[in-house]
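The chain below stands alone and is given as structure tokens, in the form predicted on its own.
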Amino acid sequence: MRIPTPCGPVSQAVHDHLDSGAPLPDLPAAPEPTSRDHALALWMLHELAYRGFDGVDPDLEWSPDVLRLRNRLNRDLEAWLRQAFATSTLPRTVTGLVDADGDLPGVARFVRERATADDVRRILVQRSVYHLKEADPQCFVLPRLEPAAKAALTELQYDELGDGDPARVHQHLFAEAMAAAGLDPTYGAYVDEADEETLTLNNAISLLCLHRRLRHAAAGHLAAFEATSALPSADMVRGLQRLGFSEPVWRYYDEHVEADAVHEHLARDICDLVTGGDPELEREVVFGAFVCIALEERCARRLVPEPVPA
């Protein structure tokens, strides 16, 4: 993957550092966590822990300068998320958050009822930033867990990664959906088109999964993600079929209708196992679930246009 096109001073500095070794800034005043400049810069720094960039030294993943800037941007993102959680009126349980999410319009309902084929392609472009690396962030959580929770997460991840069959890896199924919809299925192909909301959602997942101290929040995020996937996936299938998309496009979502109903129970078990009934750890789980629901809602507000008045 090539280095993304910068969109502001911080992402420009990161781009230049990766491209030519130019120094990174000290950032006495970093951009707001909700700016695309912040989101893109942090996404690029996170990506060094995944598949990296063409021609960029892999050792930069552990460069002190890279880690210093990544930690600064992550601290700002986490502070913003913690503040949003503290002031939110959403429920303070995973179940309550999931139920609240069911009352929101959502992208899947839009696709089911009124999206056009161009709307679907626009949505797939944004979703590709995560789904082409689906389940990769959660792999970082595995070594941070005790045996029982580790075994449950491994069971879930084994399914996400195709039960040993490369053709059934969910990332691969999404790439096939992209290609069948006439889009570029290459990993990272659409980062330049990614909205701030999309990049921030992806950064939050990496933030939770790459930091051991946030493993309980990562479990909560996963639980909310899985619990809000099965029914929307069914809506996506109906909408894609309504629009006449071929089977490879909707097969990815059809796979998730049944799989994520099972994964929801596994993910909730993981939350119980990692907290052991500790109220403080349970609050961290709820924080992670909130991050999932709140950031998905931000993405939906960007992706779903207001209906035209009759």
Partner chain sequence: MSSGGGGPSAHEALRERAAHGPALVRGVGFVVDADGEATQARRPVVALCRCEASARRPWCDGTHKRLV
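Residue numbers count along the first chain shown, from 1. These numbers were taken from a predicted model, which means no experiment stands behind them.
This protein has a second form, the form predicted together with its partner chain, left out of what is shown; the following refers to that one.
The closest heavy atom approach of residue 49 to its partner chain in the predicted bound form falls outside 4.5 Å. Contact check for residue 196: no non-hydrogen atom falls within 4.5 Å of its partner chain in the predicted bound form.
Looking at residue 159, you'd find a heavy atom of it within 4.5 angstroms of its partner chain in the predicted bound form.
In the predicted bound form, at least one heavy atom of residue 230 sits within 4.5 Å of its partner chain.
Contact with its partner chain in the predicted bound form, defined as any heavy atom within 4.5 Å, is confined among 51-59, 262-270, 37-45, 275-283 to 262-270.
For the marked spot (113, 119 and 184), a heavy atom within 4.5 Å of its partner chain in the predicted bound form is absent from each of the three residues. Residue-level contacts in the predicted bound form: of 176, 155, 134, 76, one residue has a heavy atom within 4.5 Å of its partner chain, and it is 155. Proximity to its partner chain in the predicted bound form, defined as a heavy atom within 4.5 Å, holds among 258, 247, 26, 32 only for 258.
Contacts to its partner chain in the predicted bound form (heavy atom within 4.5 Å) from stretch 54-69: none.
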